[in-house]
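Below, in structure tokens: the form predicted on its own, a single chain.
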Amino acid sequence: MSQTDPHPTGGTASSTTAPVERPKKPRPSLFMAGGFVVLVALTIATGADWRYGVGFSITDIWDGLTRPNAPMRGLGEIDFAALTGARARDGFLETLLMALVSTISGALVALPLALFNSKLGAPNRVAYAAIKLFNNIIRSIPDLLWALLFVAAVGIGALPGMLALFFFSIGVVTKLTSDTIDGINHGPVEAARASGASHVQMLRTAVLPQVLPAYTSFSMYCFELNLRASAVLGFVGAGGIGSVIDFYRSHGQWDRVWGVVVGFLIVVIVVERISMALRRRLL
């Protein structure tokens, strides 16, 4: 592009703006290329139908989905009237209550655990190691296994589901919140210590105000996870909408199964959108 600029001596001078050269895109390193090849080869080897593979086959999947079967027929005849039945209504209500109670109770227990699960918040190394070990044990057990254990311990119903989601919530919220504590601004902490505040006072005045928005956001995210998990826990007798889906499945009423599944997806999407909007305002 050419333009005319006033010259210092009173005349004019024509100047041309030189095109800006973009830096060349670096070539992939040999390590990255080799790693990609190894990753593809490993994926093919583990998925292939041989001694050490799982026997993944797209042909088998296509044949299974296209052959005449009850679940696929039900997908074409979805019965949305099942959503208005008393069984589905009770299942949805139980699911929401399970997720709400387990999330609130688990998040309340997780807050002090998260403080002690960080080097900044733990009063000493022994407490830090003990809390971290406890949290690692809780997080190593998936929610479905928690549900199986509590169903065997306290019986079938919503109670084992709530207990399973309670421990699941503790593990998730404690881990995410403690990671946030490790990255907070240490200025207020040093100021609290310099003013003679005790360890508890330092946590209450310098740490908690910085992590409370993130802690609340993580708790809402955990509620979303618990809502989704409740659909699976019902298959092992832990109540919720999963038990309703399992009831219709066991009776071969696949049109009602898909009706309840579609209704559950809508509930999850609505809750997720509301939760995301609230979390954006917090963070």
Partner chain sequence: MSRTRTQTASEARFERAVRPEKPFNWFRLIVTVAVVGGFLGAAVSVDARWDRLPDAPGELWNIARLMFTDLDLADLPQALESMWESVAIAWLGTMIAAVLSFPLAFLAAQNISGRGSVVVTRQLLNIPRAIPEIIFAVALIPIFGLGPLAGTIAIGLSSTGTIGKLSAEIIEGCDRGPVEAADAAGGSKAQRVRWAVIPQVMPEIIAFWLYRFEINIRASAVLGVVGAGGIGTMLQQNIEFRNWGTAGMALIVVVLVTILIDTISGAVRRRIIRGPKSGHDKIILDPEKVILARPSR
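So that the term is clear: the rigid core is the largest set of C-alpha atoms that superpose within 1.5 Å between two forms. All values reported here derive from a predicted model rather than from experimental measurement. Residue numbers count along the first chain shown, from 1.
The same protein has a further form, the form predicted in complex with the partner chain, not shown here; the description that follows concerns it.
> Heavy atom within 4.5 Å of the partner chain in the model of the complex: which of L113, A82, M202, A158?
Replying inline: Only one listed residue qualifies here, and that residue is A158.
>> in the model of the complex, is there a heavy atom of the partner chain that lies within 4.5 Å of any heavy atom of F247, even though the partner is absent here?
In response: Outside the cut-off, so no.
> So in the model of the complex, does any heavy atom of R67 sit within 4.5 Å of the partner chain?
Replying inline: R67: contacts the partner chain in the model of the complex.
>> Even though the partner isn't displayed, in the model of the complex is W254 close enough to the partner chain, meaning a heavy atom within 4.5 Å?
In response: Although the partner chain is absent here, W254 would touch it in the model of the complex, with heavy atoms inside 4.5 Å.
> Does the partner chain come within 4.5 Å of any heavy atom of N136 in the model of the complex?
Replying inline: Yes.
> Out of 38-61, which residues reach within 4.5 Å of the partner chain in the model of the complex, heavy atoms considered?
Replying inline: Contacts from 38-61: L39, L42, T43, T46, G47, R51, Y52, V54, G55, F56, D60, I61.
>> Quick check: R27 between the shown form and the other one - does its CA shift reach 2 Å or more after fitting the rigid core?
In response: Yes, its C-alpha moves 2 Å or more.
>> So, superposing on the core, is the move of A48 at the CA at least 2 angstroms between the shown form and the other one?
In response: Yes, the C-alpha moves 2 Å or more.
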